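Okay, so here's just one chain, in structure tokens, the form predicted alone.
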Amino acid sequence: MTKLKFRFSRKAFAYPYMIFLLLFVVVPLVIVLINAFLGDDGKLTFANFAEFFSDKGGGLTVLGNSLIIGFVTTLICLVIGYPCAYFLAKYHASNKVLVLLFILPMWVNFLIRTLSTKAIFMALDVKLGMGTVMFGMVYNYLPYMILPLHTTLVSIDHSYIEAAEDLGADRFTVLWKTVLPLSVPGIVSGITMTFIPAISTFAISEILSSSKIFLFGDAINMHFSKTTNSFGVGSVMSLVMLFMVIIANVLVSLTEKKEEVKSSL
């Protein structure tokens, strides 16, 4: 009688993740892709793409507004986040508690943070609108800008800074011509991690404006709702969002490769 031998390997630990990835990532994407090419009669058609790109339902207009708001949000996060990340990196070895304080808000549920922000605005009698939405977006996405910047700044070889100082460069020159160029991968990564969620969000705009401000994420959510039931157009919009995510990841990958080539020279 032969005995069956079962050997645990490293690959075995990856199987649950692969199954999860297949069921909850690949299958939904395939369903979205199929729905994008299906009409109301269940036949293959390009009508959903024509409806979106002809801007009949205002999809392109909403996308344009979302891109503008996402750009402003990302710019504000970069202006605030870079000095914060630089400060954290400078005192990283002596005080890691400061880094923890910036990470702590990310441990709180996204929806709870947004609802709490709205409660504060209501208590202060602040009128909900574009200003409160921008504040909520910067508040929620600022850590996503700070963390990659902090990781990049901490990993910079300090000998470059010392060499620049030995050559007579002042602090501003060291920051502008040495630290800033070396932190480009962190900047690109932070911009990507902030910009993509900012243009696709719907909870922040819906809660902090009392549904007065309509963004791209709100439009996708509306098309997939039971009342509208226009899954085709919503699937097209989801594919557009997916395409933008792929472009962002390609840009990050190309930037990292360029920096690796520069560092190897």
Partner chain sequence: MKNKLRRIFADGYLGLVLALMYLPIFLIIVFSFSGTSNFSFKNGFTLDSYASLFSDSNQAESLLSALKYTLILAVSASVISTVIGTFATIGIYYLGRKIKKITLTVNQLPMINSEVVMAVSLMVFFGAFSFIFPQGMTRLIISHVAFCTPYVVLSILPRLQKMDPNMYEAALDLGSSPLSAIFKVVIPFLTPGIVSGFAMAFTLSLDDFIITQFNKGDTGIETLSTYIYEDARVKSLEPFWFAVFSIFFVVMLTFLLLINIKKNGKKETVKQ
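Positions refer to the first chain, counted from 1. Model, not experiment: these values are computed from the prediction. Rigid core here is just the name for the largest C-alpha set that superposes within 1.5 Å across the two forms.
From this point on, the text means the form predicted in complex with the partner chain, which you will not see here.
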Heavy atom within 4.5 Å of the partner chain in the predicted bound form - residue from Ser209, Ser66, Asn48, Asn35 | Asn35
One residue of Leu142, Leu182, Met134, Ile191 in contact with the partner chain, assessed in the predicted bound form (non-hydrogen atom, 4.5 angstroms) = Leu142
Considering the partner chain in the predicted bound form, find the one stretch among 158-166, 106-114, 183-191, 67-75 with heavy atoms no farther than 4.5 Å from it.
-> 106-114
Using the partner position in the predicted bound form, report whether Gly42 sits within 4.5 Å of the partner chain, counting heavy atoms only.
-> no
Answer with yes or no whether Phe53 is in contact with the partner chain in the predicted bound form, where contact means some heavy atom within 4.5 Å.
-> no
Flag Leu147 as yes or no: does it have a non-hydrogen atom within 4.5 angstroms of any non-hydrogen atom of the partner chain in the predicted bound form?
-> no
Does any heavy atom of Phe214 come within 4.5 Å of a heavy atom of the partner chain in the predicted bound form?
-> no
Go through 59-89 residue by residue and record those having a heavy atom within 4.5 Å of the partner chain in the predicted bound form; state none if no residue qualifies.
-> Val79, Ile80, Pro83, Cys84, Phe87, Leu88
Phe243: with the rigid core matched between the shown form and the other one, does its Cα shift 2 Å or more?
-> no
C-alpha of Ile68 moved at least 2 Å between the shown form and the other one on rigid core | no
Using a rigid core alignment, state whether the CA of Ala50 is displaced by 2 Å or more between the shown form and the other one.
-> no
